Ligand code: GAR
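Given next, in structure tokens, is a single chain: the form predicted alone.
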């Protein structure tokens, strides 16, 4: 029996060496291994309709969650949305945002993995670009590269599309780089521009595309499907 015990222990140690099994490995809880969730910070300046759709999409997600709302505009609607869903809010000042790493350090407290720009109007500074390479995603209300760049947001985009006589518009979801709206494209979706469209009616069509696709594309990027 002593020899049997010796060989049993010997075989167990060999299996640990060959197959990488360790007695120090994390043990499953309730029959399954726990998964570290990827944490999202949503940067928004306005009403927060896209932020709400993203929060709702990931509310019960097994591996992704919205952990922080970052806002630069006191009184913005997104602040109330954050409160409704019990998501913490970080209010930021432009000078501190542009000049240093203070807010990058703040995000590290929440273990943020991805930054999502959902109607955020400030250009992302170098400190964020360095801290989140290919981990910042923006949505723009046109078919880039058309009608992008500094100052092109909201109704200004839709006015320009209609004035140019475009037959279609849509959305572009893209990575963020050091230039406005010039990061690598991840996804585009289109809608028809009718002769009767106004900036408001076109905005309604584009918002519908944003709400339909943005959260899903974010999930696809994080899960490695894009």
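Numbering follows the first chain given and starts at 1. Everything numeric in this text was worked out from a predicted model, so none of it was measured.
FYI, the form predicted in complex with glycinamide ribonucleotide isn't displayed, but the following is about it.
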### Summary
Assert contact_stretch over 188-196, 42-50, 160-168, 59-67 against glycinamide ribonucleotide in the predicted bound form, heavy atom within 4.5 Å, equals 42-50
### Message
Quick check on this chain: which one of 121, 129, 89, 102 has a heavy atom within 4.5 Å of glycinamide ribonucleotide in the predicted bound form?
### Response
121
### Query
Does residue 139 reach glycinamide ribonucleotide in the predicted bound form if we count a contact as any heavy atom within 4.5 Å?
yes
### Message
Can you tell me if residue 114 lies within 4.5 angstroms of glycinamide ribonucleotide in the predicted bound form, counting non-hydrogen atoms only?
### Response
no
### Query
Can you check whether residue 153 is within 4.5 Å of glycinamide ribonucleotide in the predicted bound form, heavy atom basis?
yes
### Message
Using a 4.5 Å cut-off on any heavy atom, which residues of 172-188 would contact glycinamide ribonucleotide in the predicted bound form?
### Response
181
